[in-house]
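To begin, one chain is listed below as structure tokens, in the form predicted on its own.
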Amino acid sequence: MDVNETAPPSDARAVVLVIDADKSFVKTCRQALEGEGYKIIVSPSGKQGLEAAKAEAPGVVLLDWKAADPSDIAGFDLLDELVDVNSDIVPVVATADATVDAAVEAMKMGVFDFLSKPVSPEKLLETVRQAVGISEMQREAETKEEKADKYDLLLEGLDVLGEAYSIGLEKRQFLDDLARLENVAKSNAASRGEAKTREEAIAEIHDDLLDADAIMWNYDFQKNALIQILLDVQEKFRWLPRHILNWISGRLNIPLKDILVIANFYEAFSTEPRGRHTIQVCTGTACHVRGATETLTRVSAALGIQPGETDAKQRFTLETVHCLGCCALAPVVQIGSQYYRDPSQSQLAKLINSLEGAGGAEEATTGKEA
């Protein structure tokens, strides 16, 4: 579409948002534009205009460079906010405070035209027609780009399907495997109480499998490196997720049952989710006689989990151990590499908050540190 054409907009309800408290200018806008089929939305302030832009999705916004209320959003700030709301908006400035410097800066920010008030109805209509033409071209270009993305994706899908056939994988099996991974992705997010979109859940499991591949690549995908691979996976994920074990099984051509035997045999491995922070309460003889049972009860209450459990968001794992080698300080709690002597309920609350706030047990120093 030629932006200089004078035909009415293709959409008889094309929306023009006017952000201006100048009643005279608003009246000019209505007289010049409504008769040509434009829908005029008026907001007397920048704040109200932003809300209207979100609700009405206008193609063009007419705004004054300066706000009537100094506390209102105007000028560069209002332009930035409008672009954040919708990058398709074509802004036009109409102001009684027009300067060359302001016009230059506005044009740099993407303003289509910088008009000096008062604006004649003819000039206003011509400018809006041209701005709407640009808005329509932008939207058409984005629609074409979306279609291109879709068909490009179909072409990529054909390539992948062809590769699947080349290695003897039937389409049904291939699609079933993809569906299984998608279900695992959604299940993993749900188990942690996270509200993720399908795209986010799939991206997360995609990254997990790439991480597993990177670990196996370090060992040239050798079967005899399985234990070391599992150790690296344990370090990376804090446990051995089932979907990762399935992936390793397929990559290394090792039966999953054989991998599970190893994973369940060694204490270094965990096939259950573990938290970002492990909290250990010593229940050895010295600690027991000095009140370890009460300490464990306090820690369990503070975390909201029982010994051997991990909280739903996988932040904390609570364990009991027979000895931490700090008998003289009994009863003892270990968090990361730090030891704490019989922390009180309030001290535990501060510790837990500092762990999540600081991002690591090594940075938590609140409490009776040994």
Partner chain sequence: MSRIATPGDLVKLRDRLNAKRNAKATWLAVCAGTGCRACGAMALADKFEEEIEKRGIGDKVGVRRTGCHGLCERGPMVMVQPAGESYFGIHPENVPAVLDQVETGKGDVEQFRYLDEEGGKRVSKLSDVPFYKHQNRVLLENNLWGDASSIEDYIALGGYSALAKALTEMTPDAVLNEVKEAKLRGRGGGGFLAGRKWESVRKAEGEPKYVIVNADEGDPGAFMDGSLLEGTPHSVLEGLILGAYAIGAAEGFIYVRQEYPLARKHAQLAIDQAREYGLLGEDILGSNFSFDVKIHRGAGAFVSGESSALMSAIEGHVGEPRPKYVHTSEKGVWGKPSCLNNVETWANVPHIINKGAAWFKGMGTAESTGTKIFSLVGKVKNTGLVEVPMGITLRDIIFKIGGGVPAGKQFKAVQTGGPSGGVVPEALLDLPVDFDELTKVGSMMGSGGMIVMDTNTCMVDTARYYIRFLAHESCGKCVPCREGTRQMLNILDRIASGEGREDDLGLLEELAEFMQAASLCALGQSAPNPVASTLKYFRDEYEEHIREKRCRAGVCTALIAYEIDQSKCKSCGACQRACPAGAIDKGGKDGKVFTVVQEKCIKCGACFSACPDKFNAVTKVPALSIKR
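Owing to the predicted nature of the structure, the values given are computational and were not obtained by experimental measurement. Residue numbers count along the first chain shown, from 1. We call the rigid core the largest set of C-alpha positions that still match within 1.5 Å between the two forms.
One more form of this protein, predicted together with its partner chain, exists but is not displayed; see below.
When contacts are judged by a 4.5 Å heavy atom cut-off, residue 265 counts as touching its partner chain in the predicted bound form. Remark: residue 283 counts among the residues lining its partner chain in the predicted bound form, judged by a heavy atom distance of 4.5 Å or less.
Using a 4.5 Å cutoff between non-hydrogen atoms, residue 231 counts as a contact of its partner chain in the predicted bound form. Its partner chain in the predicted bound form is not approached by residue 47, whose heavy atoms all lie more than 4.5 angstroms from it.
Figure note: of the listed segments 34 to 42, 47 to 55, 339 to 347, 60 to 68, the one touching its partner chain in the predicted bound form, with heavy atoms no more than 4.5 Å away, is 339 to 347. Proximity to its partner chain in the predicted bound form, defined as a heavy atom within 4.5 Å, holds among 251, 242, 123, 298 only for 298. Among 247, 114, 219, 237, the residue placing a heavy atom within 4.5 Å of its partner chain in the predicted bound form is 219. Heavy atoms closer than or equal to 4.5 Å to its partner chain in the predicted bound form belong, across 316 to 337, to the residues 321, 322, 323, 324, 325, 326, 327, 328, 329, ordered by sequence position.
Residue 346 is among the residues whose C-alpha shifts by 2 Å or more between this form and the one not shown once the rigid core is aligned.
Residue displacement note: residue 79 has its CA displaced by under 2 Å between this form and the one not shown (rigid core superposed). Superposed on the core, the two forms barely differ at residue 45: its CA moves less than 2 Å between this form and the one not shown.
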